[in-house]
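There is one chain below, alone, in structure tokens, taken in the form predicted alone.
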Amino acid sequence: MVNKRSSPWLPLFQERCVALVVWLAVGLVTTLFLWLVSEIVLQGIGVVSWEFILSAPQNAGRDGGIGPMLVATALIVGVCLGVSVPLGLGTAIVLAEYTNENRRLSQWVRRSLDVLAGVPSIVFGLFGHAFFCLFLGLGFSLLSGGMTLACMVLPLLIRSTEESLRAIPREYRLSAAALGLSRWTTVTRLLIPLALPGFAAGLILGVGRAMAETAALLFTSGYVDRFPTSLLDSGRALSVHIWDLAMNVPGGNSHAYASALVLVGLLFAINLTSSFIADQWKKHALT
């Protein structure tokens, strides 16, 4: 029986086919992204100004600006991060460093987090309305909206941070133990700085989801378009304002595109700032 040797050019051909498919996928995603951003910029750049950013809306949003929505969005995101970051980081450390990966309890916790990460935002909104607004008596408020978004962000933040911690080679932990470092010192001074890229990625995705959320905030933070004076006030987030202008206000498309342009700009700024802070903290912690 004759053994047929494969052609020498076959592996190279397969490699080039895979590379072509990858580059086509990258090109498709980039094209869609540029098309979306260019459409928002072209439609909204003529409306954006300092007066638009700082002033209150008028005539149901057809005139005026988005000042109250920016304040409400900042407060909601601040509450969300204030609740989710310490809880998410602490839970990820416990799951990755202080529990056995194969134990039934830790497995159920991870499965529960994976299920929660895929729950529709409208379900979180109904939960937030029932628990924070009614049961805790917070009513329609920025505090209720922020804590509801924290519940949405936590699964993604915990899982990304945990996987980053588990990806660190075991030799780092053994070396730290050989040097006489306590487990807590190893976690805080060595493992957390090394896991910062994963934590920053989860944080950026969480902030992006929180700032772009609409359905959950309709049931928790409210709908009014005035400047909030405290966290217990109701307020309209920027994403809710965009939805209202696009769906319920005839002639509000130009201001909807302008508001969307401001929101995209804020997301870009937050992404760049988070990445820069994570890199600087990692360099400082490891020196």
Partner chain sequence: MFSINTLSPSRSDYLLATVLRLCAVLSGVVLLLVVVFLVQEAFPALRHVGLVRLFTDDSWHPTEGLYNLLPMLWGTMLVTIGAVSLAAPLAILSAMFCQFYAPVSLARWYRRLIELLAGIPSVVYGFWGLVVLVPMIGNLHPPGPSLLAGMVVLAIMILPTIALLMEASLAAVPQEYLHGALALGLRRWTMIRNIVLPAARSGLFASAVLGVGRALGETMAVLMVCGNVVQIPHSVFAPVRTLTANIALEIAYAFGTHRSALFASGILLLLIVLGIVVVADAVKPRWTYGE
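Superpose the two forms; the largest set of C-alphas matching within 1.5 Å is the rigid core. Here the structure is a predicted model, which is why all the values come from computation and not from measurement. Positions refer to the first chain, counted from 1.
This next part talks about the form predicted together with the partner chain, which is not shown.
Only one of the listed residues (158, 149, 203, 72) places a non-hydrogen atom within 4.5 angstroms of the partner chain in the predicted complex, and that residue is 158. The partner chain in the predicted complex is approached by residue 135, whose closest heavy atom lies within 4.5 angstroms of it. Looking at residue 120, you'd find a heavy atom of it within 4.5 angstroms of the partner chain in the predicted complex. Although the partner is absent here, residue 108 sits close enough that one of its heavy atoms falls within 4.5 Å of the partner chain in the predicted complex.
In the predicted complex, the partner chain lies farther than 4.5 Å from every heavy atom of residue 172.
Along 247-267, residues 247, 253, 256, 257, 260, 263, 264, 267 each place a heavy atom within 4.5 Å of the partner chain in the predicted complex.
Comparing the forms between this form and the one not shown, the C-alpha position of residue 30 differs by 2 angstroms or more, with the core used for superposition. Taking 2 Å as the criterion, residue 39 counts as shifted between this form and the one not shown: its C-alpha moves by at least this amount when the rigid core is aligned.
When two forms of a protein are overlaid on their rigid core, residues whose CA moves 2 Å or more are considered shifted, and residue 247 is one of them between this form and the one not shown.
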